[in-house]
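Take a look at this single chain in structure tokens; it is the form predicted alone.
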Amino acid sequence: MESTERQQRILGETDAAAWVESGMTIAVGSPPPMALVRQLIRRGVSDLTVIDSGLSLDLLIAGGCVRKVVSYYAGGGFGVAVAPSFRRAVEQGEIEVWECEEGILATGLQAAAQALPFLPWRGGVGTSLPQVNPDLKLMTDPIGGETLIAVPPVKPDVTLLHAATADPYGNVQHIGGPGWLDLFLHRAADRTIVQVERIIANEDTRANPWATTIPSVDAVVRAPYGAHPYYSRGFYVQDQAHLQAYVSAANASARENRPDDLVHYLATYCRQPATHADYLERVGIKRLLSLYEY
């Protein structure tokens, strides 16, 4: 008699990261799944189109993974108006930027999710966005006559997310809800990988089904402290000192012609640690335990 057991979707970090191949389009949620981001740098994946914002995007650029950026904001969020590796790569013509604002990005993701050639959007009408991004086309609403922007699909091959928990079958639960674009990124993608702080039993999922934010993702990666140096709601706060150390190293490379600082950071925290557990050992248990929310 054939087994009717459901397929478990738990993967190791290296197996999950292997889904991302050079030249693909990937999306990174918020907070970013940094364990997976570091795995991509470690593997030397390149020529990616990356839908992301903040310093996780900057780290992928610093690691040599990025050819094209789709982003509404490439900054640090704590006094870093423009992320340093992003600025340097754009100024030197090393990466292409698909200019947009948040609403345009969400509209493009929704068009991909619905398998539509475009969706209309009001945001950006009257700005220079259609000039700097020729993929955005001005159009006239055939019903009301209003000028709108036609936004083409923005489709990731793989979306990478971080969440609080998931059961073995890919039913994901966040604490305090997902990052605001996470659901758009998931629906638009061919496949979604979610790294989580804890794996929970399917019985726990069924006991509180309304807490499930994303059902049946393609892969789940167990990664305690997996968002570090970012926060994970219900588990730990952002490691400002670590993020500032990265920004200082990236600034030294981009502005002061001291690339060794950034090379040292990437080697210490991305390339030399073979696994996420090795990375956590580099950070140190005292630092990690200091990041509890309460």
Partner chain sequence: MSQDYTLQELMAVFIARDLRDGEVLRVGVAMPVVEAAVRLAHVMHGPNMELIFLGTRMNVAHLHSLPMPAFGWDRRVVRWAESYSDTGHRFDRVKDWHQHVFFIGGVQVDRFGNSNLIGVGPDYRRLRFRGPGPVGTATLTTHVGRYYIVLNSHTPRTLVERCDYVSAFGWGTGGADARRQLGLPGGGPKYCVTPLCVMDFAEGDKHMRLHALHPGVSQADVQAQTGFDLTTSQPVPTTPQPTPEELHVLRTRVDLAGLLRSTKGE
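Residue numbers count along the first chain shown, from 1. Everything numeric in this text was worked out from a predicted model, so none of it was measured.
If you look for the form predicted together with the partner chain, you will not find it shown, but the lines that follow are about it.
Colleague: Of these, D204, D141, D190, E101, which has a heavy atom no more than 4.5 Å from the partner chain in the predicted complex?
Modeller: Looking at D204, D141, D190, E101 one by one, just E101 meets the 4.5 Å heavy-atom criterion.
Colleague: Quick check on this chain: which one of A219, A150, A113, L183 has a heavy atom within 4.5 Å of the partner chain in the predicted complex?
Modeller: Comparing distances to the partner chain in the predicted complex, the residue within 4.5 Å is L183.
Colleague: Does any heavy atom of V237 come within 4.5 Å of a heavy atom of the partner chain in the predicted complex?
Modeller: Answer yes; at least one heavy atom of V237 falls within 4.5 Å of the partner chain in the predicted complex.
Colleague: So in the predicted complex, does V132 come within 4.5 Å of the partner chain, heavy atom to heavy atom?
Modeller: Output for V132 is yes: heavy atoms within 4.5 Å of the partner chain.
Colleague: Is the gap between V90 and the partner chain in the predicted complex 4.5 Å or less for some heavy atom pair?
Modeller: Close contact exists here: in the predicted complex, V90 approaches the partner chain to within 4.5 Å, heavy atoms only.
Colleague: Just to confirm, T127 within 4.5 Å of the partner chain in the predicted complex by heavy atoms?
Modeller: Looking in the predicted complex, residue contacts with the partner chain include T127, since a heavy atom lies within 4.5 Å.
Colleague: In terms of non-hydrogen atoms within 4.5 angstroms, which of the given stretches 71 to 79, 158 to 166, 206 to 214, 219 to 227 touches the partner chain in the predicted complex?
Modeller: That would be stretch 71 to 79.
Colleague: Even though the chain is shown alone, can you say which residues of 267 to 294 have a heavy atom within 4.5 Å of the partner chain in the predicted complex?
Modeller: The stretch 267 to 294, when checked against the partner chain in the predicted complex, contributes E293, Y294 at the 4.5 Å heavy-atom cut-off.
Colleague: Closer or farther: how do the Cα atoms of G77 and F184 compare in the predicted complex versus the shown form, where the change is at least 3 Å?
Modeller: Relative to the displayed form, G77 and F184 move farther apart in the predicted complex - a change of at least 3 Å between their C-alphas.
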